[in-house]
Ligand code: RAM
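Given as structure tokens, the chain that follows is alone and in the form predicted alone.
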Amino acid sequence: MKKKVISAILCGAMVLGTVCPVLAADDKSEDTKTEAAGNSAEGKKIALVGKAAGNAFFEIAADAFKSTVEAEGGTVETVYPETATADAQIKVLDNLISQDFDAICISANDVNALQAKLEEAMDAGIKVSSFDSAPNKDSREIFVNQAGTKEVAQALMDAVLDISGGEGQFAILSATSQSANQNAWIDAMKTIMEGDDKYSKLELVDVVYGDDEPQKSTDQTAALLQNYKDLKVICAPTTVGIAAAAKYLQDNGSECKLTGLGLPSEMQEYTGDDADHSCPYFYLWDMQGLGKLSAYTTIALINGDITGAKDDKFTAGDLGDYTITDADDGGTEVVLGAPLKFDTSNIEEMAKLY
């Protein structure tokens, strides 16, 4: 099976030096169980639950999710909790369960706290998928992972190593303390550091949380600079956090540099490998592709084409064929692809896309 890592539009925009694979019309295996394009979600009703309103990353993915489902004949209701907390998401879920949805796709604010409510949804016959940030394995049927946990962590650690010059203090500015994806990446970063001597001269001095709020992320950045005078790099694996930190560092002429996961459109003015810019380079993935893959995965669940079991196979439209694999938490997942690097060579073009 071929995996299409990024969408056709993204492949066309990036100068990668290789040809982006395109799924041929007849490139479909006999064991693929998808229905004809355009009607696979006919009459289906899906709830898409975000962490909180105002997250540009989620909104881009959500738009792609909705347009994909609608093109297949279904409907999507995008719902945001009042705050980026588990309690607020539980209230949202409690309301959705009584509304006869075929599926709920959620970006979880907490790994474990949503379990009882998501199990209630599944017991009621509602299919539960997740993307971006997964609830625990018992709270979902499948997770759509934007990139492998180890791959993201490796990219971030190598960026910190490079930008710091191979030694010195660095800190991590995360989203919420219970965010599943953030914690998984941070834990993997620590494991990578401990397992390779090339990181031995780096010191992780603090992990702080901006709760995916711009002002709190700004305040946390200021506090890091105040508390650690020799801080060389801040790594922010959150689109809200990295944008807030980038602005603060650059506005204040800080020598501390930044990397992490961000949106090109929000990071363009801060990206550059010189003293005038706070962020030499950063990473993310194809958010439109993530939204599309999440939509096709959820539709496949609803139709019974997949159950979420390891080795289940399905076709995600023009993204191509996918196989469900084991996730690090003992559940299962579908992985979109590797993280993409954004720097001065491509950020202007990519900022036009998202």
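Each residue number is its position in the shown sequence, starting from 1. These numbers come from a predicted model, not from an experiment.
The following text describes the form predicted in complex with this ligand, which does not appear among the structures shown.
- The stretch in contact with this ligand in the predicted complex, judged by heavy atoms within 4.5 Å, is 230-238, chosen from 89-97, 154-162, 117-125, 230-238.
- Although the partner is absent here, Q288 lies well away from this ligand in the predicted complex, with no heavy atom inside 4.5 Å.
- This ligand is not shown here, but in the predicted complex it comes within 4.5 Å of a heavy atom of L261.
- Within this chain, D212 lines the site of this ligand in the predicted complex, having a heavy atom no more than 4.5 Å away.
- The closest non-hydrogen atom of N181 lies within 4.5 Å of this ligand in the predicted complex.
- Put simply, of A175, L249, A147, M267 only one has a heavy atom within 4.5 Å of this ligand in the predicted complex, and it is A175.
- Every member of the trio K51, W185 and L284 reaches this ligand in the predicted complex with some non-hydrogen atom inside 4.5 Å.
- Along 49-63, these residues reach a heavy atom to within 4.5 Å of this ligand in the predicted complex: K51, N55, F57, F58.
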